[in-house]
Structures are given as C-alpha cells and as structure tokens.
Ligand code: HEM
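This document starts with one chain, in the form predicted on its own, laid out as structure tokens.
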Amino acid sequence: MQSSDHQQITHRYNGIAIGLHWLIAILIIGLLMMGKYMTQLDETDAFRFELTQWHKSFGISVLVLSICRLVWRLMHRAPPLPTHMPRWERAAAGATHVFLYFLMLGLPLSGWIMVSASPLNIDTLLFNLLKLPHLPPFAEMANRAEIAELFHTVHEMASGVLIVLLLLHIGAALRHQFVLRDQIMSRISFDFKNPGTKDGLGLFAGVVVAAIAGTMLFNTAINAPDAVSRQSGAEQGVATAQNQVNFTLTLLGENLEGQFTESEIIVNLDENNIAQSSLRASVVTATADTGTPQVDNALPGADWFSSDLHPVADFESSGFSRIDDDTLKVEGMLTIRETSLPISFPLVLNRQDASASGGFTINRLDYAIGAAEQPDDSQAGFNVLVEFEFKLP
C-alpha cells in the first residue's frame, strides 16, 4: 500500500518546461547516437561530412534550447520533490541535474570551439539556412590546430560522461515509476487534461514555429542582394546561358562538381587566320556553386579564393594554333589571387550548334588556394578540373 506521500504528488512542471525537457532529451540522445556512428566512418567518406554538418546544427540547437530552459528554470521554481525521498537521493538528484545542465551547455560549446579553431575553416550553416560565425578568439589564434585537437578530446570525453549521467537519470526515473510507483515522473510527463500543461505547450509550440519562420525570413533577406546581383549580371550579359564554366574538385576522396554562376567569355575567332584569334574569360570567384552550402561558403574565404581581395579569376590568350579541323590549341595566362601562370588547352569547335568547349587541370597550390588550411591532399585534392563551353559569335 502506498504512503500518503506517494499519493500527493500533484505539483507539475509548467508546459514550457515539459516541452523543453523532452525536446532536448530527444535531440541529445539522437546527437550521441549520430556522433558515435559518424566517427566510425572513414574521414574521407562524404556521408561523414554531411552527418557532421547536421550534427553541428542540432548541437547548436541543444545549446540554444538549454539556455532557454536554464533561464526559464531560474525564473520558475521547480516542483518540490516528494517528502518520502531520503536526503541522499535528493542530493544525488540535484547534483545530477547540475551536471546535466553543465554538459548540455558545455558539449555544444566545446564543439563550436573545435570547429572555430579547426584549420579546415569549414563554415557551419545551421540546417543549410543560417551561417554560424566562428568564435573570434579561437578562429584567429596561431596554435588553432592544437586548440582544435584539445577540444576534440574534451568533446569526446564529455560525451562519455553525459552518456553515464543519462543512464543514471533514466534508471532513477524508471525505478521511481515501476519499482517505487510513487508517480514522480508525472511531474514532467504530458497531461493534456491539465490546463497549465496545454497552455504552456501551446506557447512553446508557437515560439518554435516563430523561430523557424524568423530564421527562414532572415535567410531570405540576407540572400536577396545576391539574387538581385545575379539577376542584374544576367541582364548585362555577364552570366548567361551562352557560356558555362564548371569545375570538379576532390573533397574527402569524392569528386564534387560545381560551377561559377557569373562568368564572361569573349572570343574573337578568325578561321582564315587562326593566329590572330583571341579569347578572354573571367569568373566571379564568390559565385562558385557546388550545391553544398558549407563548401560554397568556405571557397570565397581568405585562404581559398580570397574573393574580397581578388573577386575575379581570368584567362587571357597569347596564341592560337590549329591541331586539326575541329580542334585548336589555345595558350595564355591564367590569373587567380594575383598569381599568373601559363596554361594551354585544346579548344573543340562544334560548328553544328556554333559552340566551342575546352578544359584544363590546375594544381590549387600553384595559386595558393587552400595552402594554409589544406597544405596536403588528405581532405581536399590538389588537382582541380576546369571545363567550359560557350557560343561562337
């Protein structure tokens, strides 16, 4: 027979606290499972790269939600524990909650520091919508590689501690529910018949929807100038369907294809006097588009294209010669990041649809692309294939 204490647990958490509790719990368990799985994959596996981006997005979500829950907890007193619980159990429950809060905040922060200090310098786009800035002190430090490795270790160790605490927390809850049968879990369980729970959950759901909508609107607003710029460029003939410049790079052992959405190719082709022909091409480096937001946001960075200082990469021919009736050899200088080097490539003429196409391969280190952050080819390959096609005048 239950004691009167066991029968009088009527105090409950507010609906907002209940919603935050279970949402954070689901996210943390999912993150721990995702983290253990993705670290078993080979570092060159493209799927591991994708999982890492989602892991970061959900991790920052846990950080934000945990801060909200902590603020809410400081503003609202928790329901009292039942009086039948011994003092040691009350103390253990309090200590467990303190450590859980510490890890809910510390784990995402350690991951954020690790990413900010990483020499890879890969941007984090939260759910491929909102760019998360690196933490300035760590992104600028000279020994950032050592810092990234240190916090990688901290992140792994903290996740192990969190797993142990979660098992203790869940085990204690199950003991109260199924062994002691004191209904203590009713304090944090959903009760849609309770007006307070329904109102709190309604407010919680409204805040979540508003946050998602606000993020999408903000993302649309900050991307609008780029969209207008691309449209304006197309109207001026800078980026049209008449020419296309594509590239293929190797990332984590996989080929990743992309294109420059803003390019200009000007050709003067004299079939009767090939030697007098000329070709000039340029691309706006900040418009590199691979369809992978994290890569696309990293490429214009200081160690890659450095698009702020060197917005355009261009080629200017110095000579034409004929290989056969439909193929010409083009020689000239390719300039990227103020480094100019000679290249040559075959230009194939397709007279049937009045177009021409060509391609060449460069070593990115020859142009100091990714030289500081990726000095070897363990993550990003050295060779980059550039291919283009354009309409003949």
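The structure displayed is predicted, hence computed values, not measured ones. Sequential numbering from 1, following the sequence displayed.
The discussion below concerns the form predicted together with the ligand, not included here.
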All of 55, 152 and 159 with a heavy atom within 4.5 Å of the ligand in the predicted bound form:
yes
Heavy atoms within 4.5 Å of the ligand in the predicted bound form: which stretch in 319-327, 293-301, 181-189, 159-167 meets that?
159-167
Does any heavy atom of residue 39 come within 4.5 Å of a heavy atom of the ligand in the predicted bound form?
yes
Taking heavy atoms and a 4.5 Å cut-off, does residue 245 contact the ligand in the predicted bound form?
no
Could you tell me if residue 48 has a non-hydrogen atom within 4.5 Å of the ligand in the predicted bound form?
yes
Contact between residue 107 and the ligand in the predicted bound form at 4.5 Å, heavy atoms?
yes
Of 100, 114, 249, 122, the one that lies within 4.5 Å of the ligand in the predicted bound form (heavy atoms):
114
Of these, 62, 362, 334, 356, which has a heavy atom no more than 4.5 Å from the ligand in the predicted bound form?
62
